[in-house]
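In the form predicted alone, a lone chain appears below as structure tokens.
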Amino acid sequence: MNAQKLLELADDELILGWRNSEWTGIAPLLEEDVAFSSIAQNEIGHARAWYELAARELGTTADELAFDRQPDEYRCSTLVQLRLVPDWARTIARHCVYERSDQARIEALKQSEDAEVAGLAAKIDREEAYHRMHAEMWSERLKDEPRFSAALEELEPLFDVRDEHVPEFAALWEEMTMVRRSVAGATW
């Protein structure tokens, strides 16, 4: 797998992890506060693993890939960039769209001829199974809600969109890279 595809995957996971973490302390239910925090941590951990593979191919480090690039160098999907707080229905719609799309991507990666990529995809898939169950539970719960249905329609086409950044991405990048930019040599 080429480094650019690994970066797309890692960037998606990192940015989604940051966006999911925005629900910490404000989710509509305590259980969802814990669930979204846990999912966010998993996604960021997956990002690190993908960045490490890309870093070896590019002769750099995972930290440099995650935090030293300029905003326009990130290859993340428009879907994960959106700041959806405090809109729970749209957040859950993104969660459903992302998990469904990510599942297809992971299934393909598990078949990779690169044993390291296939092995990492299989490991990540075991963790992502819980994310998918969570998304499916919420999808079932909200399936008759017009706002949820409208959000699914709006967000579905945004998974594969990588050619531009939404305006709120710059603020996320500032926050996400603040420590790395302010403390020389800071590591993940």
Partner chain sequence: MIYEVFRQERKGQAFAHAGSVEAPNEEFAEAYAREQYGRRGESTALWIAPREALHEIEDFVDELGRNYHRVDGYPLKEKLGRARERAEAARAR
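Because the structure is predicted, anything quoted here is derived from the model rather than measured. Positions refer to the first chain, counted from 1.
We do not show the form predicted in complex with its partner chain, though everything after this point is about it.
Contact with its partner chain in the predicted complex, defined as a heavy atom within 4.5 Å, is made by all three of 35, 130 and 141. Note on the interface: of 46 to 54, 133 to 141, 59 to 67, 151 to 159, the segment with non-hydrogen atoms within 4.5 angstroms of its partner chain in the predicted complex is 133 to 141. Although the partner is absent here, residue 163 sits far enough away that none of its heavy atoms falls within 4.5 Å of its partner chain in the predicted complex.
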